[in-house]
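Coming up is one lone chain in C-alpha cells, specifically the form predicted on its own.
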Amino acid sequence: MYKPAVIAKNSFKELLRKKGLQVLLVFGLILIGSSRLFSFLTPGEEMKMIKDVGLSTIEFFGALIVIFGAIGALSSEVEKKTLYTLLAKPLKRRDFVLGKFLGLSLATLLNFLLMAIFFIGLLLFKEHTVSSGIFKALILILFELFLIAAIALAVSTFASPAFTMIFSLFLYLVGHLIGYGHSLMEQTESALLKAAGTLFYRIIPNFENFNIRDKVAVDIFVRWNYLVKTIGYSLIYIAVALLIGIYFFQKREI
C-alpha cells in the first residue's frame, strides 16, 4: 500500500490548493451560518430549521466539492502530462486509482469536518447541547460523500470531465428520488415498467438511505444498527465503483 499512499498524499495536497473547492467550502459555511436568520421563528421551529438547513448544506456542498474534486483528480494529471511520467514508472494502474480515491477521501473528510465543526458550534451556541442524532446524521452524510467520490472517480477514468460532472450530478439527484420513483412504478399496471423500476432501484444507489435529517430535526431516535447497515451498503457500492474504475483505467489508452 506504499505506492497508493504516496499518490494519495500528493492528490490530497493538490486538491487543497484548488481555488474552486475552497470557494465551495466558503459558500457552504456561509449558508450554514445564515440559518441563524430563522430567529424570527419560535425556539423549537428555529432549531428544527437550523438542523435541517445545516445538514442539507453539508450534504449538498460536500457533494459538489467531491464531484469537482474527482474530476480534477484525474484530468489535472492528464493536462499537466504528469500521468504519463507516473505510469512510466513501476506503478500499477490499480494503485494509481486507489491512491487517487484515498487522496480524494482525505480532502472530502477535511472539508466535511470544517463544515461539521462549524455546524456543531452553531448548535452549541444556540442550544448548548448536541444530540446523538446529529452525529449519526453527520456520519451517514460522510459515507454518502465517500460513495459519491468513488462513483465520480470511476466515471472520470473513462469519460470526459464534462460528462463526469453531468453524470455525477444527475446520479446524485436520481439517487435521492429513486425511492419515490420506485413506489410510483409499483403502482403501475405494466409488468415491464415494474420490472424496469425494480432493476433501476436495485442498481442505482439510494442516497435517501443516508438521509435522516428529517428525523433528527424533530429528535426522532435512529438506531445505531441502521447506521451499521447503511455504512455497509455504502462500502459495497464503493468497492464496486472502484473495481469498475480500475477496470476501465487499465483498458484506457494513455
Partner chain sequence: MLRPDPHKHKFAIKIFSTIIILLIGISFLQKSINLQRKVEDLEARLLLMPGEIAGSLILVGFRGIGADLLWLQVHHCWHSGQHYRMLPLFNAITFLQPHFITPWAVGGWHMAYNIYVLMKTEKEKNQWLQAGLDFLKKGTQHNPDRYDLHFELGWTYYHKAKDYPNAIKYFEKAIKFPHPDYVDNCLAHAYAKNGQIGNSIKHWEYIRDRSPGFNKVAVRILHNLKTYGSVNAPEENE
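Positions refer to the first chain, counted from 1. Keep in mind it's a predicted model, so treat the numbers as computed, not measured.
This protein has a second form, the form predicted in complex with its partner chain, left out of what is shown; the following refers to that one.
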May I ask you to state whether Phe143 is within 4.5 Å of its partner chain in the predicted complex, using heavy atom distances?
no
Find out whether any non-hydrogen atom of Leu192 is located within 4.5 angstroms of its partner chain in the predicted complex, and reply yes or no.
no
Quick one: is Tyr180 in contact with its partner chain in the predicted complex, heavy atoms, 4.5 Å cut-off?
yes
Flag His176 as yes or no: does it have a non-hydrogen atom within 4.5 angstroms of any non-hydrogen atom of its partner chain in the predicted complex?
yes
